[in-house]
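A single chain comes next, written as structure tokens; it is the form predicted alone.
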Amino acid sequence: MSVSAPLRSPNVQPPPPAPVLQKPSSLLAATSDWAVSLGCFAPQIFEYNGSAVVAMVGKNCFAIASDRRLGVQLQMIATDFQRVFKVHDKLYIGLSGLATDAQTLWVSHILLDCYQRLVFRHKLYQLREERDMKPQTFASLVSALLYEKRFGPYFCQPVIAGLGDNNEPFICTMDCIGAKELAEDFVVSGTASESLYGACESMYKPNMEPEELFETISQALQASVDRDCLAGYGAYVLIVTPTEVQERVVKGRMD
């Protein structure tokens, strides 16, 4: 008994195999360049304006310093930009990262945003407790406010420095969603953070007096921003002791 072949129409052809689609390497490169140029990657956003902020601990005192350059990538905008702000006489905060978000976070008087929340909560704390907020408490407050915006974060990395109980210095930094990093010697943030780590590790020593602390943090910051083309143009340095606050502007290379 013979088995007949299945019937097939003579005009119907089998479908061709599906083609394998591959994106050309040139298109991949163009897509990558387009994404980077628009700042679609977080590291690019943090490096858009450039910044350098450092806080350092001394003997019953602390210093916090920042560079003074404001730019749009390699384009110069200003050479007197402020990144360190006063909370009260013994507590300061420095904001590195995207300059517009730093200003929104601290100095915006138009939007009811983090600046007014911070000021409101600190003044409410003063009225309720009849004392200034401790640095540790303020750090937790800033961390909570940043974490609230974690799905659309402020591209800022705060540095908080203050004098706590018995004039013990306290310093910390955090990322853009409020993850705190505590230290007992120094903390850094900004585009010059890698060179700042090296300079501070080389120059720092414990229990420095205010004048020696000023010299150390100034030299460390100047040496670091000279190795970062997105930061520099002088420095703004604050030395805070239990009895006084010294504000100094350090001249640096202007090229």
Partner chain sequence: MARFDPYENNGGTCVAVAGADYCVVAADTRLSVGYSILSRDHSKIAQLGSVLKFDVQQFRAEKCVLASSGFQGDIKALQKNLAAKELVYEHNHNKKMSCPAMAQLLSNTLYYKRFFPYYAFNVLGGLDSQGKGCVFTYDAVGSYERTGYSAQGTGAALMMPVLDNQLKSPSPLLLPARDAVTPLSESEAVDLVKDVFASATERDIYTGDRLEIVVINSSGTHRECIELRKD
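This is a predicted model, so every value here is computed, not measured. Residue numbers count along the first chain shown, from 1.
There is another form of the same protein, the form predicted together with the partner chain; it is not shown, and what comes next is about it.
Trainee: So in the predicted complex, does any heavy atom of residue 212 sit within 4.5 Å of the partner chain?
Mentor: No.
Trainee: So in the predicted complex, does residue 227 come within 4.5 Å of the partner chain, heavy atom to heavy atom?
Mentor: Yes - in the predicted complex, heavy atoms of residue 227 and the partner chain come within 4.5 Å of each other.
Trainee: Do residue 206 and the partner chain come within 4.5 Å of each other in the predicted complex, heavy atoms counted?
Mentor: Close contact is absent here: in the predicted complex, residue 206 is far from the partner chain, nothing within 4.5 Å, heavy atoms only.
Trainee: Whether residue 60 contacts the partner chain in the predicted complex should be assessed with a 4.5 Å heavy atom distance threshold; does it?
Mentor: So residue 60 does not count as contacting the partner chain.
Trainee: Please state whether all three residues 198, 201 and 223 have a non-hydrogen atom within 4.5 angstroms of the partner chain in the predicted complex.
Mentor: Checked in the predicted complex: all three residues contact the partner chain.
Trainee: Need the contact residues for 133 to 159: heavy atom within 4.5 Å of the partner chain in the predicted complex, sequence order, or none if there are none.
Mentor: Not one residue comes within 4.5 Å of the partner.
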